[in-house]
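The chain below stands alone and is given in structure tokens; this is the form predicted on its own.
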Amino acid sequence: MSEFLLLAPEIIVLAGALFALFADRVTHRPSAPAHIGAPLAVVAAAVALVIGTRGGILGGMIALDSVSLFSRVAIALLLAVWLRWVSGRGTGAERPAEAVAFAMLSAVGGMLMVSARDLIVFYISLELSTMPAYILMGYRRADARGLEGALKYFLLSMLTSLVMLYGLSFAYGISGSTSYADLGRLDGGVLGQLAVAFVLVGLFAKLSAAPFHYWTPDAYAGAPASSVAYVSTVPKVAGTVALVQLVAAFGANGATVTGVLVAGSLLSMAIGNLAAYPQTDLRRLMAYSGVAHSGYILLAVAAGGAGGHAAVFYAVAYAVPSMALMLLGAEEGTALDDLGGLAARRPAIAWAAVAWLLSLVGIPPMVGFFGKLSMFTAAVEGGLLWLVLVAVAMSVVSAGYYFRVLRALFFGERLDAGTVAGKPAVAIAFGALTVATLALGVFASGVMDVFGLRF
């Protein structure tokens, strides 16, 4: 098989993105790009499964191992669900064609990033993944608040990208190579530690991990909830995989890396969970919740060993219910009061939301429980028992603000509640996310065996 054919999933999604730019002008149907893009993303996931795992391709710059296989499929399927929802609801007053194209381009960048084994491929993929996200966050061009949030996101993200590029330059200067396999040559000297620290700064910012999370609440609060549903989930999966792979490559600086990861984990869990408590806007609440969940991910990565695979699985376990909640916010409104009485108006969606919230807390049999269990087990085996105890305590704290959402759904009252028209495409999207929340938890071991992940 030609090496380029091994990149068929990325090529399929890229073709869909280019088609989306012109589809509505050809078909004169604004929803056509999303209608066509969703099945293309499913096909891309199926092709990735058929290709499976492969050794180094394109001179070793890209490799398809079990982690990249799992994350490629997950990114494509999350994209498909998001596009299916957009095909039913649209993007408000703005044309959806460009939003569909940007989301698909971002997914291409993410799918390439999880397979990268070279710093140049990694950085180009990272920018391809995040630059369309800047536009999605500021998609409502007439909304000054949204543009302000998008500008904050753009400026901080570009600044941290430059810092990370500086670190990558140091790494290349010391190791004499851009290959991940040669990053182990980085010595434990000052320059080597600076290279590692600068790279981690960039990745922390992409993952919304403390102390580089400040852009997240403002950017989310100003953006359309449908954009947040995508930007807060799919790039996070890709960023987690990149973090796991680069940390594994920084062999000689393991102590420095572990120290930074532990500090970042502790700060993220504390700041994210405590700051989420008083929020009354679902987007800000989920923004701080995302910071906290980045802390759990850093905990698993710091543990090393099986913690890397556990972190990647948990990134997907977080993305599924998080995307569902933000899509619900896009339909009903993003203030917690907007969700009042949903159990009476849309009982099926309200009960599905119970599953999403329980998964985020980490209650069995939801996927979030299995994800946290695997991460905490790896962390205990890695000698981080004290940090696991902090994480368990923070998970208990998180139940408090997730319960506020639950209370609004079943016991709140919304006086001006209208009727949200049912759409088959929307039902499919919410149904897929709910089934994934349950099935990935109940059949987690079997799913991991299929992809060759180990805990």
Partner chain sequence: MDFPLLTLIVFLPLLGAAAVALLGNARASAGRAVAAVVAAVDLGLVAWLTARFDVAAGMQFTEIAEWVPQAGITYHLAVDGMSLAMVALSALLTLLAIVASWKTDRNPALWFSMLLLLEVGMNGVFLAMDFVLFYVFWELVLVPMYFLIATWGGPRRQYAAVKFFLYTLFGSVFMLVGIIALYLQTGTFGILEMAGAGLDPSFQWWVFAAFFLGFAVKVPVFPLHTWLPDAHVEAPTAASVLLAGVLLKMGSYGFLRISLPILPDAAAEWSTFIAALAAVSIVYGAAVAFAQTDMKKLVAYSSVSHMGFVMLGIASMTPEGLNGAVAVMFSHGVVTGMLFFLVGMVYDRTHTRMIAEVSGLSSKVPVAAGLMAFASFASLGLPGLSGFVGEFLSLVGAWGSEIPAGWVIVSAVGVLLAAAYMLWLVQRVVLGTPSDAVARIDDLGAREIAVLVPLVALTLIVGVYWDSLLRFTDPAVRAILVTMGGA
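Positions refer to the first chain, counted from 1. Just so it is clear, the model here is predicted, and its values are computed rather than measured.
Unshown form predicted together with its partner chain; subsequent notes refer to it.
K.L.:
Note which of Ala306, Val121, Val380, Leu151 lies within 4.5 Å of its partner chain in the model of the complex, where distance is taken over heavy atoms; exactly one does.
P.N.:
Flagged contact: Val380.
K.L.:
Which listed residue (Leu358, Met323, Ala352, Ala80) meets the criterion of a heavy atom within 4.5 Å of its partner chain in the model of the complex?
P.N.:
Result of the distance check: Leu358.
K.L.:
So if I measure heavy atom distances to its partner chain in the model of the complex, which of the stretches 397-405, 30-38, 46-54, 423-431 falls within 4.5 Å?
P.N.:
Among the candidates, contact is made by 397-405.
K.L.:
Since only the chain is shown here, I'm wondering whether Tyr139 would be in contact with its partner chain in the model of the complex (any heavy atom pair within 4.5 Å).
P.N.:
No, no contact at 4.5 Å.
K.L.:
Would Phe376 sit within 4.5 Å of its partner chain in the model of the complex, counting heavy atoms only?
P.N.:
Contact check for Phe376: yes, within 4.5 Å of its partner chain in the model of the complex.
K.L.:
Consider Phe369 of the chain shown here, and say whether it contacts its partner chain in the model of the complex, taking contact as heavy atoms within 4.5 Å.
P.N.:
Answer yes; at least one heavy atom of Phe369 falls within 4.5 Å of its partner chain in the model of the complex.
K.L.:
Even though the partner isn't displayed, in the model of the complex is Leu7 close enough to its partner chain, meaning a heavy atom within 4.5 Å?
P.N.:
Contact check for Leu7: no, nothing within 4.5 Å of its partner chain in the model of the complex.
K.L.:
Please determine whether each residue of Ile363, Phe411 and Ser445 possesses a non-hydrogen atom within 4.5 angstroms of its partner chain in the model of the complex.
P.N.:
The answer is yes: all three residues contact the partner (heavy atom, 4.5 Å cut-off).
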